[in-house]
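A single chain, nothing else alongside it, follows as structure tokens in the form predicted on its own.
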């Protein structure tokens, strides 16, 4: 795998939108061609080379291309957007929409990310060593298609609305989540290894949510069924199993009503 290294040299005054920073966009290009790819600072277009020193070599295909980003990327959005293959490593923090709509490959953020990361993700892997903001793995505003596939793992905490409108894939949060986990969920798996304040699974009709810590405020639309033994992400535990959200219409399969599942560690 060939590596292209981007090192921030001119920090943007506004937010820098870098939807062209993907292995797909870099593959088969010279460093000069990569430097000419367009980015946006506010409403102004500029070449990528205005902001980053660019070194290394791109692979012939996206799958053979790795991108390493160095320097302060706290104001850099949309890295890895719609990528299908390859790897991106961000050595510090990054802004919003990281890995949005991604279909394959791997993104590793060694710091924190802001809101809407992994939005409507279809495949691949997004790993965040720090915290993630609101709407992790959720749908875009006004859309009903949230995360559909792939894996998101956050080693820290997340904000509000994790996995809103999730349809598939897996989200693992090793810390705490705030409110509105898997709201409108229609599939997929969400694992919260810490605590959740409340509103877990509101209007959820399919899918699974696992909470290893405490849910401070349980929604009334979930009904306790039984205690079950489960192994989740390498950990065996006993969980209280609830079904819901009973206030919603639920599909049927082979004559049986399909409910969402909420598992809270006993």
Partner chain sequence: MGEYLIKNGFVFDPVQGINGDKSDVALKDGKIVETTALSSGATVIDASGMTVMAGGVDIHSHVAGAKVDVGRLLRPEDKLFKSPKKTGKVSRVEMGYSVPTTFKTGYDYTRMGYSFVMEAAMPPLEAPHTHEEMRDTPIIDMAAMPVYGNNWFMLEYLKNGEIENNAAYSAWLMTATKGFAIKVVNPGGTEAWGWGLNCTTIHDPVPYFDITPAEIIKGLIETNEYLRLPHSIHLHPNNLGNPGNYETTLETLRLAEGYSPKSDFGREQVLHNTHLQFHSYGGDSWGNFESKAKEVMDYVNQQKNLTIDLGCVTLDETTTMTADGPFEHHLNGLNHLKWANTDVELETAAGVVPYVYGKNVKVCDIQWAIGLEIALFAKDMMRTFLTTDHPNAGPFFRYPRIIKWLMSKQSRDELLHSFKWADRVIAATNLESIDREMTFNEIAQMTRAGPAKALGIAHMYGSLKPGMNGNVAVYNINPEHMPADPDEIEKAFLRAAYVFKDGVMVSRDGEILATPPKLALWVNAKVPENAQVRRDIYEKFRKYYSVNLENYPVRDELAPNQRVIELDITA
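Positions refer to the first chain, counted from 1. Model, not experiment: these values are computed from the prediction.
Another form, the form predicted together with the partner chain, is not on view; read the next lines as being about it.
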In the predicted bound form, does residue 38 come within 4.5 Å of the partner chain, counting heavy atoms only? yes
Against the partner chain in the predicted bound form, would residue 72 count as a contact residue? Criterion: heavy atoms within 4.5 Å. no
Is the gap between residue 157 and the partner chain in the predicted bound form 4.5 Å or less for some heavy atom pair? no
Would you classify residue 81 as touching the partner chain in the predicted bound form, given a 4.5 Å non-hydrogen atom cut-off? yes
Which of 146-154, 188-196, 81-89, 125-133 lies within 4.5 Å of the partner chain in the predicted bound form, heavy atoms considered? The stretch 81-89
In the predicted bound form: members of 95-111 within 4.5 Å of the partner chain, any heavy atom: 101
